[in-house]
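Okay, so here's just one chain, in structure tokens, the form predicted on its own.
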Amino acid sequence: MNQRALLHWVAERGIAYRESVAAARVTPSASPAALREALGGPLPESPANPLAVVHHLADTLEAGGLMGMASGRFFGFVIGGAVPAALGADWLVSAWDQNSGLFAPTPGTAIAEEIAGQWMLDLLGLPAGCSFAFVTGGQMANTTALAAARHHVLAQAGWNVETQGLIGAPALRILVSDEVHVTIPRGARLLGLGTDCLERVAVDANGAMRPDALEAALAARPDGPAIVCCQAGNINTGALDPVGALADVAHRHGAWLHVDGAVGLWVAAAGPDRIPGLDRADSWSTDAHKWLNVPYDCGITICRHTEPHRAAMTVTASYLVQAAPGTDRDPVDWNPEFSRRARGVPVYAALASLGRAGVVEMVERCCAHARRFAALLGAESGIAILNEVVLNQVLVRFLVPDGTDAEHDARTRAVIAAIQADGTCWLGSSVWRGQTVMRISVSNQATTDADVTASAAAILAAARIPFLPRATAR
């Protein structure tokens, strides 16, 4: 079996899968036991035909073992699809097999990443001189930004955390939204800061941080290094924090302001009025594998303060061929990975193929689909839409007449289970302010009006299945 024949077969198989996903069942149908039986067994003792191996893997997983995450009817989690140019570029990235940590051995992919980053700053209306890093996802994007922030605020307090560590360092505060995403506390753990340093700040009715509450929290302890983490896109409601007002408060108190924009930062492409004051923050994070619709995985960190960013991440060794400062850009200086995939290449392809207008249209179309979901479902008796739909997130609760909160929770879970079993679309549950909700996340450029119509009909059908509260069941 030669490599050309194998790769031709794989390309055709991949194309066939992508062509079929629009009409296919979204929910996996194979049982875990069946998958383990088909793929498992002892480690082979001798080589096998590569095509036979890949053929068996594809046959097994495509026969009910894959979630239709590329489908326009997948609304679970905030997961985009892949625009054609980004998918094609990502296939080439695998074929090229470049370890894109240094400029000298991989100048082509390093330059593509450099240009993609510059285009991204322009698209989002952020300062042209910002540094950036292409990392694995939102977790590492936030963690990288927090590392830069940690360096900066401790340096202002006279402490070099990169050489002195944290033992004996000034106590550092991280002020977060009361509905902070879990990647921020996890980032604090990874950086050795611990979650006890987090202080929660009150939010409004839709989940956006309140500037007056941040002012009160910072004023209560005016001394010492502080980092404020706000959000452009609440993970449940999609709410956009008032970044400009929060920047006023944070900077007045000498705090660093980070914007976790994994969900909603891309809406800034539509203009500065969508997230007023966004450009005044100190760092930002987002995911290209969400609304930009590039293949997994690709998170992005952006930092106004380039020196703290580089100081927190850079590394040198005698065997590395590194660019002199101020010349070519070594990606390893800005991200936590030595060995890394050329993630900037699919981003370059997506931005080059879509242009500013294409990105804006894609984002606005997803928001329109979310509003349509809210209108279709909210018109039905016994269904409540709990959030103001400002982006692509819709929170739905299924009610029991004269029921208790526990009964509303149980019915909501039952409807979600029925939808997932049906397979027309897939979405998941969340808990928002103590209430179980169905969360619809519209992030895929492939989603059409017909997908929304079919999915809403499937949701309404599941909601009409008779529900007998456990408390009254016989």
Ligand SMILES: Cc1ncc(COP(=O)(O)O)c(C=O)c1O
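In this text, residue numbers run from 1 along the sequence as written. These numbers come from a predicted model, not from an experiment.
Omitted here: the form predicted in complex with the ligand. The next part is about that form.
Remark: of stretches 125 to 133, 287 to 295, 249 to 257, 214 to 222, the one touching the ligand in the model of the complex is 287 to 295 (heavy atom within 4.5 Å). This chain is displayed alone, yet in the model of the complex one of T306, N206, T106, Q139 has a heavy atom within 4.5 Å of the ligand; that residue is Q139. Out of the listed residues G80, P331, G233, P346, G233 is the one that sits within 4.5 Å of the ligand in the model of the complex by at least one heavy atom. Although the partner is absent here, A350 sits far enough away that none of its heavy atoms falls within 4.5 Å of the ligand in the model of the complex. Taking non-hydrogen atoms only, N335 never approaches the ligand to within 4.5 angstroms in the model of the complex. In the model of the complex, the ligand sits within 4.5 Å of a heavy atom belonging to H181. Contact between A262 and the ligand in the model of the complex is found at the 4.5 Å heavy atom cutoff.
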